[in-house]
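Just one chain is shown here, as structure tokens, and it is the form predicted on its own.
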């Protein structure tokens, strides 16, 4: 039976470290890359008698994330003890939320550019929105590093404020799952809630996946996948696991609910342990923390709510008359979007500025392996260059030469570099004389233009540029030629 005869259901549990200065229940600082077990105290080590204290900033950030994702927040929330023993949680329980979490419902829009590049032209459900079940706030566990015969545990991460974002099982492919993770990460980074860097463990996810034959309403038995250290690994793991489960169903072997790990080195999933259910954790209210009224946090979050990526895309399209694709590229990164908006302030050609940012600036940054934050060329400098080109003082190709030098000489203005390179505009009477010569000596293309084929003017423009040694502005030359030859 082919894969198309099966329905795939995927739900995610995404864990996101919040961008707080201190941990969730103590004042230990949150920093990455410090010496192991140096950012700890009796509370995050779980020592007897240590009492937790709530981090108000973490609560506000979680509520803000919920508002950005369309969640509702109960009037009162509480914390619970989730009881289990692992080496990374030595007090035998985790402070989490069970029946009264900070956020309920909500949704994540799947942005087109969030799909893998090789899947963006074949999106099955354009504009799809995936519903969320809940977002709750808890403490992170320590980091375990496994070796052949022993495991090292670093408690620096233990106690860091951690959001768990749980989706409904509405994703239908590995590609949609990639789009979900990229879209969610984009929203979280936009809001400043988290840096969501998977390499630093700031965003981790567990994936629940099941398959069932088409026509069957009941979901298949789910397998939870762990040890997914990158978004590309999530895609590889899902494609493998979906094929594996279909193979099991076709062979008549029942799938048992369990937790599996992804082994990226060999490219396959492997059994890990049987899956725990909620009752296995024996949740009960945390006796050392009072319930929290959320109204003040909701109000503060509303006051600092930023513009979302898809909202920014719509505004860019309307305000700057650029395409949906260009607006999506510019809005994909908040720092880039802010840089672009600085460049178009007061510009008479915002669409041209967008073209230069997308086609020239991003290519140069990529070639230099730097981000927009480290770009030596300022937004106002690029805007000045675009104005120089649009005014006809330099050609587009000359503008590109100036642009390349600006990365080496960012302190100089485009006008100064243009003058040094000898990019002085030719005299208009000189250009008109050259156009007369070109028209007189190219009867064939002239006849085509006069017959209505305006593309034939490109040849004539090229001849003018050649004779003017690049000093003429091709846009103005084209307009002058068409004005003379276009049939009345």
Partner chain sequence: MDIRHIARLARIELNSEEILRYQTQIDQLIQYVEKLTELDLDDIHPTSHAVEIFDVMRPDEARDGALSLEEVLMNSPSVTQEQFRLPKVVE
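The shown structure was predicted, so the numbers you read here are calculated from the model rather than taken from an experiment. Numbering follows the first chain given and starts at 1.
Below: the form predicted together with its partner chain, not depicted.
- Just one listed stretch, out of 430 to 438, 415 to 423, 449 to 457, 27 to 35, contacts its partner chain in the predicted bound form at the 4.5 Å heavy atom level, and that stretch is 27 to 35.
- The candidate spot formed by 366, 373 and 405 lies out of contact with its partner chain in the predicted bound form, as no residue has a heavy atom within 4.5 Å of it.
- In the predicted bound form, at least one heavy atom of residue 86 sits within 4.5 Å of its partner chain.
- Although the partner is absent here, residue 155 is a contact residue: one of its heavy atoms lies within 4.5 angstroms of its partner chain in the predicted bound form.
- Using a 4.5 Å cutoff between non-hydrogen atoms, residue 151 counts as a contact of its partner chain in the predicted bound form.
- Contact annotation: residue 41 falls within 4.5 Å of its partner chain in the predicted bound form, judged by heavy atom distances.
- Among the residues 166, 289, 196, 246, the one placing a heavy atom within 4.5 Å of its partner chain in the predicted bound form is 289.
- Proximity to its partner chain in the predicted bound form, defined as a heavy atom within 4.5 Å, singles out one entry of 351, 282, 131, 409, which is 282.
- Taking a 4.5 Å heavy atom cutoff to its partner chain in the predicted bound form, none of the residues in 369 to 387 make contact.
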